[in-house]
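This document opens with one chain alone, in structure tokens, the form predicted on its own.
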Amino acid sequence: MKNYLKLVNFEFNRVAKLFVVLLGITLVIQMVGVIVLSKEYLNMANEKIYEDMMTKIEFLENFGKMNFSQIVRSIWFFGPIGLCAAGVGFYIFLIWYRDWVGKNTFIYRLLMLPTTRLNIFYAKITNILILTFGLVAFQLIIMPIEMLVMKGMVPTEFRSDMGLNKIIAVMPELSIIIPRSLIELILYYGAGVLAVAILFTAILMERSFKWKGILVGLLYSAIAVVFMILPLLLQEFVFNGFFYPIELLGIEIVMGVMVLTASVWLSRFLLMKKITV
């Protein structure tokens, strides 16, 4: 456990700068978006009321009050989130391949550490989780601040205030990264962990067998995906909705655990037997 925690800390220190950059980009772009969209709404209100001589009541009837969900639905808000997701996705590959870069490849030092090689796999996947949860937690912290900025710019009679929970509840796309319940949290991020484990296994196959490994890794990934969606296909086309949704969910969870176990076992085998120092 001590060696595993050291590896986790080491891996995080290697990506800390990228993590801080993503946090900074998210804060700056989203805050600029709040200011820009609030000003656009106020400018439109001033134009309609003072230039077109529209009353406030008529303006609100035609254009409605501004609320924070309008900002959340904009590119200013989801753009940085997409960039962070792409950054984490890119790092899933970089976290392995950078260890092979250079003349004195770092992977040799990792494999020679006095600990089980599987801890390297666990440490890297844990680091991906830390990055993901860190970005989500940061988003939860800055959203109330962004809401306060909007409230400070838009007068009360021109805005409709919404709580953070309500915004998440009415926006399904936001509830994916910020689950509304513990069950959703486990399901969404459990699926994420499973996807990362499959990708890690495919990467290790490529590292173990080179060009042949690419085909083997793609084949394994395809088999894993088919294995996961097989119950859904059988439910739809063979059993004609025989299972209740909760039963189907239970079957999917069992299948996911089986694929995750297979990925960990294969990764352990590759690290111990195929990737040599």
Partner chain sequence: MKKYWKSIAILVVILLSLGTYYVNAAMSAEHYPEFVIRTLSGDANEIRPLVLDSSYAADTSTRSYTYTSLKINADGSTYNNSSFLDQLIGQPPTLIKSLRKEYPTFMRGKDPFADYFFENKEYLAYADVKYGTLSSRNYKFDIAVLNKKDEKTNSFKVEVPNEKGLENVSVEDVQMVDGVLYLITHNMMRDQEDLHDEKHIYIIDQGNQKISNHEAIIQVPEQQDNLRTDLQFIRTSPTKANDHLFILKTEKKMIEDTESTREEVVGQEVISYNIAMKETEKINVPDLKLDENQLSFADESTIYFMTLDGEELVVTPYSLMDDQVGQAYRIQLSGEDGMAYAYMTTVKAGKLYIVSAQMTPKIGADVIVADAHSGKTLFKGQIALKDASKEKGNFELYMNEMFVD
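Owing to the predicted nature of the structure, the values given are computational and were not obtained by experimental measurement. Residue numbers count along the first chain shown, from 1.
Another form exists, predicted together with its partner chain; not displayed. Remarks below refer to it.
Proximity of Gly134, Ala137 and Glu247 to its partner chain in the predicted bound form is complete: all three residues have a non-hydrogen atom within 4.5 angstroms. Not displayed here, its partner chain is approached by Ile178 to within 4.5 Å at the level of heavy atoms in the predicted bound form.
Taking the partner from the other structure, its partner chain in the predicted bound form has no heavy atom within 4.5 Å of any heavy atom of Thr156.
Taking the partner from elsewhere, Met147 is found to have every heavy atom lying beyond 4.5 Å of its partner chain in the predicted bound form. Using a 4.5 angstroms limit between non-hydrogen atoms, Asn13 touches its partner chain in the predicted bound form.
Of the residues given (Ile92, Leu194, Met162, Leu83), Met162 alone sits with a heavy atom within 4.5 Å of its partner chain in the predicted bound form.
Phe242 is the sole member of Phe242, Phe237, Tyr50, Trp211 with a non-hydrogen atom lying within 4.5 angstroms of its partner chain in the predicted bound form. Of the candidate stretches 148 to 156, 181 to 189, 83 to 91, 195 to 203, only 181 to 189 has residues with heavy atoms within 4.5 Å of its partner chain in the predicted bound form.
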